[in-house]
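Presented below, as structure tokens, is a lone chain in the form predicted alone.
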């Protein structure tokens, strides 16, 4: 379970020295509980007190960093089973694989596709997180050559081979970049553990469908001094997907509820196996792969490896991830104020919307695609949508009147006509009374706004 500020405060010096930058130890404890400050800022702790607090603050699932410098991704760090209990802090890392047996031009093109895959949603650029180099050839020299090709790639690396000799050849090229080693099995655990220790890299433990064996081997790795471990209990993409989910859930419960040290590590899922083991057409495989990725992401996967790189497959996966890792306690909002679209002048229409980010960016997209020329007043509604802010009282006449005054829109246009969203119709009269502007009730759906504006001309 998550640690409360009071749990932390009891172990702090309670001197209120303010050397941490906070006015009191209680304020510092609150920031620690919200992961907004580092324990190192408290200079009054003895080494033993520091260790006790550090252990208390450690998340149920260990954070594992892959990569170095400006090419890193952090996975794990979860403290709870359900998002309403506490935010999920490190989004699921989405990784695309590339095979070492591809011709040079195809290999290079695939890497570029991975690096350039991105799209914008609600003001956030959604991208991939890492590149997985797969030793499909089974040849150590080809695997090393592939590692050389991605040495300067944009993203951190996952090296995929069960052959310790091949893994060593690749680590000799990129071992200093802290790649994730995939992976250790019951048959190669000694050799892979030695490589992980030698190159100080995180190591994946692959034990398909046997959590008792996974616990045993995880304990073996920890006894050797390995701390950065990733668990792969197997991704059974066919009828066994239910067993996969059961294993993912059980591992996370053992970590969060039981604090079982052998399972307190990030979980890796590999939806790519569906494509690699299926003879179906690419579209069908892509749909199924994205579906499995979404399913595993919903059930505690901290990293997923995909094979498909088409943007139509990635969009639903990355969009779901964005939603899952948006803090439900903090409404997503844009800055209130005045925004211009297209070419505006003193005769341009003036629209009103709220500062809920999804509302604003939907309106923005519809206005841009419809080539509309207008001003948009964005009202501070604490990140609430139109209907919610009407019900909650944030969407009201006085607030709109203040917004008109603060933005100086009356100095920019001759018109005194304001177009409000259809969902705000119930407060149109109030807005007219408080602003002195004529209010027109526009469409309920912003996609209809460009045509609405055209008919007004």
Partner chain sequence: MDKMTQLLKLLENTKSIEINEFRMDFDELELYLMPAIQQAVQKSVETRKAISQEALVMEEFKVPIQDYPGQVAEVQLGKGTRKPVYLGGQQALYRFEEAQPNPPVVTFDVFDIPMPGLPRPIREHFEDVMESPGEWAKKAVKEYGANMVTMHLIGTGPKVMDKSPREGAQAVEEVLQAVDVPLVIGASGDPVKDPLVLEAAAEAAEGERCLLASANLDLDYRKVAKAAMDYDHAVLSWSIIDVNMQKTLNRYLMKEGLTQTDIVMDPTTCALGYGIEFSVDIMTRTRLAALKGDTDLQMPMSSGTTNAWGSREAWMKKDEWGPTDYRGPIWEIFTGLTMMLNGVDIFMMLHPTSVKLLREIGETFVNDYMTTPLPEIDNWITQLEG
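Residue numbers count along the first chain shown, from 1. Every value quoted in this text rests on a predicted model; they were computed, and no experiment measured them. Take the two forms, superpose them, and find the largest set of C-alpha atoms that agree within 1.5 Å; that set is the rigid core.
This protein has a second form, the form predicted together with its partner chain, left out of what is shown; the following refers to that one.
None of 381, 135, 92, 353 but one reaches within 4.5 angstroms of its partner chain in the predicted bound form through a heavy atom, and that residue is 135.
When its partner chain is considered in the predicted bound form, only one residue from 245, 117, 80, 153 comes within 4.5 Å through any heavy atom, namely 245. Using a 4.5 angstroms limit between non-hydrogen atoms, residue 215 touches its partner chain in the predicted bound form. Its partner chain is not drawn, but in the predicted bound form it has a heavy atom within 4.5 Å of residue 223.
Its partner chain in the predicted bound form comes within 4.5 Å of no heavy atom belonging to residue 346. Contact annotation: residue 130 falls outside 4.5 Å of its partner chain in the predicted bound form, judged by heavy atom distances. The candidate stretches are 283-291, 195-203, 172-180, 144-152, and the one lying within 4.5 Å of its partner chain in the predicted bound form by heavy atoms is 283-291. Along 224-257, these residues reach a heavy atom to within 4.5 Å of its partner chain in the predicted bound form: 234, 235, 236, 237, 238, 239, 240, 241, 242, 243, 245, 246, 247, 249, 250, 253, 254, 257.
Once the cores line up, the CA of residue 313 ends up less than 2 angstroms apart between the shown form and the other one.
Core-superposed comparison between the shown form and the other one: the C-alpha position of residue 38 differs by less than 2 Å.
Remark: with the core as the superposition reference, the CA shift of residue 105 between the shown form and the other one stays below 2 Å.
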